[in-house]
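Only one chain comes next, encoded as structure tokens, the form predicted alone.
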Amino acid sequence: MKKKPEMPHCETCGSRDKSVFCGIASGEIKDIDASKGCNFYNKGQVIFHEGNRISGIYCINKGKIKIFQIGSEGKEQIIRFAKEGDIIGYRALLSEEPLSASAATLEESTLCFIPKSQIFKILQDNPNFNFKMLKLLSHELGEAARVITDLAQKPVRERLAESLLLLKDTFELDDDKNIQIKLSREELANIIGTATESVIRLLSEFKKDKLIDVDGRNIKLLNIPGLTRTANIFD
């Protein structure tokens, strides 16, 4: 029988130092711990659905999450990813609007749900937390603008190279230079807005050009400067 994961506690959470909660006071941490709930998700489970209302935010204790929208033809468009220490659902909560995207797990995950009343209390009492949330929202707005521009203007080859670099920055590389997330070819296609067949062909071309190596869902980055040039990214 599979052992049930242990319930995480905020004071001992290994992901807190990566999150917007890293600098808040001990008393606020205890208040969050007392008010939150925790859920355990299997791979592929939906956390929330686009169009629904949300009454709090989710903080990722463990796991990897994809944030996505479903187009008019039923095709998934992945907007961004979230990992340990990240929060999701905050934009809809703060704007008091329906969720603009859905979220689902890419692997077994543990998420803590912090209710709206607790989040708003910290926002009211803690200017530093307020600033961090503002910074997070500003970053998300910039990322959304980048995605729109890329989909409208960049060729598919450039978009795939840029997406591999963004996955590297988000999830980092292991000791063998593999991106520490395993995505299907369809999921890669859903990031860059193209057909799965195009991704398969381009990955083969990147491998032939010695930019990457591919073993199933493992993607090893062999030539990051070369990928950067292919992505047409300049500082």
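On a predicted model such as this, the values are computed, not experimentally measured, just so you know. All residue numbers are counted from 1 along the displayed sequence.
Below, we turn to the form predicted together with a further copy of the same chain, even though it does not appear here.
a further copy of the same chain in the model of the complex is approached by residue 138, whose closest heavy atom lies within 4.5 angstroms of it. Taking non-hydrogen atoms only, residue 144 approaches a further copy of the same chain to within 4.5 angstroms in the model of the complex.
In the model of the complex, none of the heavy atoms of residue 29 sits within 4.5 Å of a heavy atom of a further copy of the same chain. Interface residue remark: residue 125 is not counted as part of the site for a further copy of the same chain in the model of the complex, having no heavy atom within 4.5 Å.
Segments offered: 173-181, 62-70, 196-204, 35-43. Contacting a further copy of the same chain in the model of the complex at heavy atom distances within 4.5 Å is 62-70. Annotation: in the model of the complex, residues 76, 79 and 154 each come within 4.5 Å of a further copy of the same chain through at least one heavy atom. Screening 88, 106, 133, 114 for any heavy atom within 4.5 Å of a further copy of the same chain in the model of the complex leaves a single hit, 133. Along 101-122, a single residue, 120, places a heavy atom within 4.5 Å of a further copy of the same chain in the model of the complex.
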